[in-house]
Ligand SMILES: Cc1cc2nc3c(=O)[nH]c(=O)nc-3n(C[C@H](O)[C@H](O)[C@H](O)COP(=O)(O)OP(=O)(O)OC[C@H]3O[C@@H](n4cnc5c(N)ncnc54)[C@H](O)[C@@H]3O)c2cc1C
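One chain comes next, on its own, written out as structure tokens in the form predicted alone.
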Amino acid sequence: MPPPPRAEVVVVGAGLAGLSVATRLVAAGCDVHVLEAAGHVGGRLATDRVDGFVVDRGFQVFNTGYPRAADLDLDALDLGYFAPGAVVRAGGRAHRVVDPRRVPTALPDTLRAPVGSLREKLAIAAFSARAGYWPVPRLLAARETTAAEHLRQAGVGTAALERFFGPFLAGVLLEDRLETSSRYLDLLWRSFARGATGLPAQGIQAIGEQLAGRVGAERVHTGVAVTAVSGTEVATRAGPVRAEAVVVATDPDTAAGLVPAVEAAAARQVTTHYHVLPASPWTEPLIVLGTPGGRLVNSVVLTDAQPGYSPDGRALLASNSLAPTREADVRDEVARLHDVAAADLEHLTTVTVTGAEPAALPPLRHRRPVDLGGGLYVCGDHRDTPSIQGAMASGRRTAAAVLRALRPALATGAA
């Protein structure tokens, strides 16, 4: 359905940021239309079906520790959860490192795991408690450095940095030098300490689809490319759409192309190789971390957490590298991480995402302005933190800013 020639608010982009804006504005009674260049909603949270398997475009998870998780119907997503920890491989063996607060029976294995001395493991626990339970303003007021330096100062030790934090965070931050802001690391680790990570039964794109359903199919227009914007008009190849407010909720590069005042953020990339096994080699849903010198930062049996990703009970694996890799380059490494024969791995597909998330280098520019004046607004995780949380929080702030201009009496409730 083409967009109308006029709307009260036009949102450019149907990712989580744009949909978060739109749901709030629709709930406030605004006439909102969302224009999306792609053929689907959800932005970077995209899902395909390959030979019956649910395949997300890059390994992504949802964390219930995100404050904006409250905006979603988690029961409707039918999340399947990973165990709170990881498998570390050292000396040819697999070692479980699992949060004993959540899984008390894992304490003996975690204490024996080769990630440092008892003193260093206590430092890891202290770091997790600090990030998880200090007030957020106190975390953001702490002296800022890099994630690597922050962890060293916390006393977690070299073994934990190389075998646990390094590969674990590389899979989340999509950078392996831990140059990310210490403040963002604290916020990120807070979500891991307080929440659970999982996958929707229908794939990660189901999160965007749930939000789009609240906006209404008649208000979300896919396949509509926007070529120019102002605070009063959006130009598309199908014709102009006039509006009282325009929200640009695209990826950083597209936003910078449409709005010169927006800086394009450095983008991270990831390559994900999907393999199928007759059955899972593991007894619990734990991510397996890559080893020093390897190409992979992690590998995980997705169907251990979310059986719905498989059409027939076989196991679906996702293995991630930060640099573009060929399947043949990593097949043996995938097999070693899971203690299976390389010949048993059936390659399903490989996906490279070049703009997977923006970098969050120090100084962390948290909560950048979303109101550019003249009826023009911008939002996205590049205005907050590079995450699902950042996208949705930015959308929430932008909706409040739009309502302050258009419906001042309702703005407080949307903030």
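The first residue of the sequence shown is number 1, and the count goes up from there. In this text the structure is predicted, and so the values were computed from the model without any measurement.
FYI, the form predicted together with the ligand isn't displayed, but the following is about it.
Visitor: Within 4.5 Å of the ligand in the predicted complex, do A17, Y66 and V226 each have at least one heavy atom?
Guide: Each of the three qualifies.
Visitor: Could you check which residue among A38, L364, L372, A359 gets a heavy atom within 4.5 Å of the ligand in the predicted complex?
Guide: Of the listed residues, the single hit is A38.
Visitor: Which one of Q210, T303, S181, T254 is close to the ligand in the predicted complex, taking close to mean a heavy atom within 4.5 Å?
Guide: Partner contact (heavy atom, 4.5 Å) among the options: T254.
Visitor: Considering only heavy atoms, tell me if F59 and the ligand come within 4.5 Å of each other in the predicted complex.
Guide: Yes - in the predicted complex, heavy atoms of F59 and the ligand come within 4.5 Å of each other.
Visitor: Give a yes/no on whether S299 approaches the ligand to within 4.5 Å in the predicted complex, heavy atoms considered.
Guide: Outside the cut-off, so no.
Visitor: With the cut-off set at 4.5 Å between non-hydrogen atoms, does S387 touch the ligand in the predicted complex?
Guide: Heavy-atom contact with the ligand at 4.5 Å: present for S387.
Visitor: Can H33 be called a contact residue for the ligand in the predicted complex at 4.5 Å between heavy atoms?
Guide: Judged by the heavy-atom cut-off of 4.5 Å, H33 is well away from the ligand in the predicted complex.
Visitor: Counting only non-hydrogen atoms, choose the one of 218-226, 139-147, 154-162, 125-133 that falls within 4.5 Å of the ligand in the predicted complex.
Guide: Result of the contact check: 218-226.
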